[in-house]
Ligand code: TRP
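Listed next as structure tokens is one chain, alone, in the form predicted on its own.
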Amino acid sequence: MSEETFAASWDKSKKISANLEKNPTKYTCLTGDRPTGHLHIGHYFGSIQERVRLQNLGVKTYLLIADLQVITDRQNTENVQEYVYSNVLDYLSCGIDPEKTVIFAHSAIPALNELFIPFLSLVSESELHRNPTVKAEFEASGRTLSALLLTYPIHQAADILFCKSNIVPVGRDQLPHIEITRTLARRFNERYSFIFPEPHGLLTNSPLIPGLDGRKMSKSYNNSIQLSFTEAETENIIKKAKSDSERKITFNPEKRPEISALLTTAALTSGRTEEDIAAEIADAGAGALKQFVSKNVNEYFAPIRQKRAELANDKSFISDIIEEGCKKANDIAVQTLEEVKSAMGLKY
């Protein structure tokens, strides 16, 4: 994506953000995660906080657990059910309210997945191959490009459009998905009848949360602090985090990525700046920094973890929330699919 295109997207996003405060009920938001592992503090600061803010403003919010999309780049669905329940526990403990946000699973919404078929007719193969996310995931997988991975952006478009979402919280790297969705909505409306709004990406100022090794925090890198960790597990993984040979603590993400990653985690959980924390610890070294990080992470997430532990005692409660959310989402998807079939002349 060119800098000019990104600048235009950022400007539009800022205007939407300003209007959200005044007219939240004019907006419908779709967001979600693939249940490929346990959620970590990067998810919390990068997306969950924003979801809670939007729902509390009064934005109609749908939270998708994209279980079917797990197999775009994986061979099986092992542990997916465990991760789905774990993710929902994390959502609830962080402030997602099922009375305000519809939490649902991909595989439980057949009408949503049926929308995938007419959308496929609106995009060319070359357009799919140009999507940077598809390219990156294909290269990372090291396997033959599956049809599901190639059409992953179309599935995402169905996710966004089934509930007629007009905003989608995203990072810059996900903007191409929004552009494909906008293109599909526009093409359907022009070819058949106006049904779908053209959604916009809602870009946020959320910081990129580095992992404990300086790379992006990721489930697959084993460099993350999971929301479900105990205090002891948190202390243990931070103690094992990479550092460097220089004793004095300074914030320099380019030259000292591991130390800087620890400082960023400390800053997010203490409300202070990286530079301020580095100046305080100074010559005390990496050991003192890790102790500081552990203390602040555990204090920050203590209320969330306490609520999570309480909710985990009642698995049927979590199942009921998923079931109710799936029912609400499916009702919406059925209604949208009926509109699509009518527009296409496929009602019999």
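Owing to the predicted nature of the structure, the values given are computational and were not obtained by experimental measurement. Residue indices: 1-based, along the sequence shown.
Not on display, but discussed next: the form predicted together with this ligand.
Quiz item: Of Ile259, Ile160, Ile225, Ile103, which one comes within 4.5 Å of this ligand in the predicted complex, counting heavy atoms only?
Solution: Residue within 4.5 Å of the partner: Ile160.
Exercise. Could you spot which one of Asn131, Ser93, Gln156, Thr264 gets a heavy atom to within 4.5 Å of this ligand in the predicted complex?
Key: Here the answer is residue option Gln156.
Quiz prompt | Whether Leu64, Gln69 and Gln174 all lie within 4.5 angstroms of this ligand in the predicted complex by heavy atom | solution = Yes: each residue has a heavy atom within 4.5 Å of the partner.
Quiz item: So which of 319 to 327, 279 to 287, 296 to 304, 26 to 34 is the stretch with heavy atoms within 4.5 Å of this ligand in the predicted complex?
Solution: That would be stretch 26 to 34.
Quiz item: Is Val168 close to this ligand in the predicted complex, meaning a heavy atom pair under 4.5 Å apart or at it?
Solution: Yes, Val168 lies within 4.5 Å of this ligand in the predicted complex.
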